[in-house]
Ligand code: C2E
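Only one chain is shown below, in structure tokens, and it's the form predicted on its own.
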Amino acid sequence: MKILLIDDEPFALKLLSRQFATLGFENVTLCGGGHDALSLLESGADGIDLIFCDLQMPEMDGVEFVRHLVRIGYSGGLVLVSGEDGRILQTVERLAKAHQLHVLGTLQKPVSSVELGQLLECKLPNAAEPFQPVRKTYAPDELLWAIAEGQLINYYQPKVDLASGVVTGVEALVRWQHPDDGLIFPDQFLSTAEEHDLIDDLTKTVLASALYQARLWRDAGLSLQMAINISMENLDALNFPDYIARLVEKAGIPLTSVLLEVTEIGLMKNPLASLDILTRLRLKHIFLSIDDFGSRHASLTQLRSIPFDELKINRTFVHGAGRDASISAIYMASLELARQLGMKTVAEGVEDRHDWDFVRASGCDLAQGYFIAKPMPAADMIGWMADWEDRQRDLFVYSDVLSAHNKWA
């Protein structure tokens, strides 16, 4: 692995290079500024797999450097380092990720050898192998063929009750089982579907499969609420509520066992049609959830106008909230708003034990995230639930002891 360290402070640069040497990374190049680093990258003489970049540099700051990385099409890993306010680090991290750069994380100066080692161990399990991110794009006719041939399949991610640990439902997440490229995630084909009028066909496929699976689980004695994402295009068709109701009744499951998740941005395209459609869905006793709350626009207006039953707090304001005061403040404000409006709350993006303990102590209703379970094929659900039964005992005993300690500390 070839690593590039960029910092205008010679001492900081030397110290970081020694920390890498101690961790066993020998192929490390040092640069005293962004211009020199760019010259090295643009020359193509040395393929760099991982960059550690300081944000506060006089000739070219980290934000400018990120912009140039995008321009030259850098595809390796990036770690941002700074002695500035942690919120600045987080903002630049979000900016770099929005540019589709592969950001491994951030480090606060002075860099701790322990934190550096943990970041590398967590993010680079195969550190000897260079990054090779591949993002293949697919033509509309390929996606249409995939829909027709039944190559789109659903994975399911559990949602659990934070008070009891009971699995209350799942979210259906579409995947493309490509005959040549393997399992393809929706970020590689959903935009194609939306841009080429295929989203309706895709949604119908997801719905039919999810409702059929819900019936199979119900017949097996497993009553789970099925959450399904719908697109902004679906909210333009005034007959959509009737279509959904017919599908649910055909599947032989209660209308109340279905929850439709709507992203905030999806409500902005045609507000009057959206209000008509979503209100009629609620009249049919199909539940509604506002997804990714806080990450889009017009959130408060939508909460006031539309009878949502559930609010999903975006993972940006969940993961790490217990360790970051600014994230925690936004999370708690979202939670309180939902409570005042009588809505259930879901914390999505619960990715580690810290997140779990934090959202449970906050009084949130439901949780979803990799710490609980990654999305899985339907066939794996029963086995996972048995494992969850064993695992949650330890989780709840520890959380309750911790809560009692904090209360009386």
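Everything numeric here is computed off the predicted structure, so don't read it as measured data. Numbers follow the displayed sequence, beginning with 1.
Only in words, not in the display: the form predicted together with the ligand, which the text now covers.
- Residues with any non-hydrogen atom within 4.5 angstroms of the ligand in the predicted complex fall in just one of 222-230, 112-120, 335-343, 71-79: 222-230.
- In terms of contact with the ligand in the predicted complex, the residue from L202, A214, A321, V258 that brings a heavy atom within 4.5 Å is L202.
- Checked against the ligand in the predicted complex, the residues A251, L143, L173, L311 give one hit for a heavy atom within 4.5 Å, which is L173.
- Relative to the ligand in the predicted complex, residues Q157, V350 and Y370 are all within 4.5 Å by at least one heavy atom.
- Using a 4.5 Å cutoff between non-hydrogen atoms, P375 counts as a contact of the ligand in the predicted complex.
- In the predicted complex, the ligand sits within 4.5 Å of a heavy atom belonging to P186.
- Proximity of L89 to the ligand in the predicted complex: non-hydrogen atoms within 4.5 Å are absent; the residue sits far from the partner.
- By the criterion of a heavy atom within 4.5 Å, L190 is counted among the residues contacting the ligand in the predicted complex.
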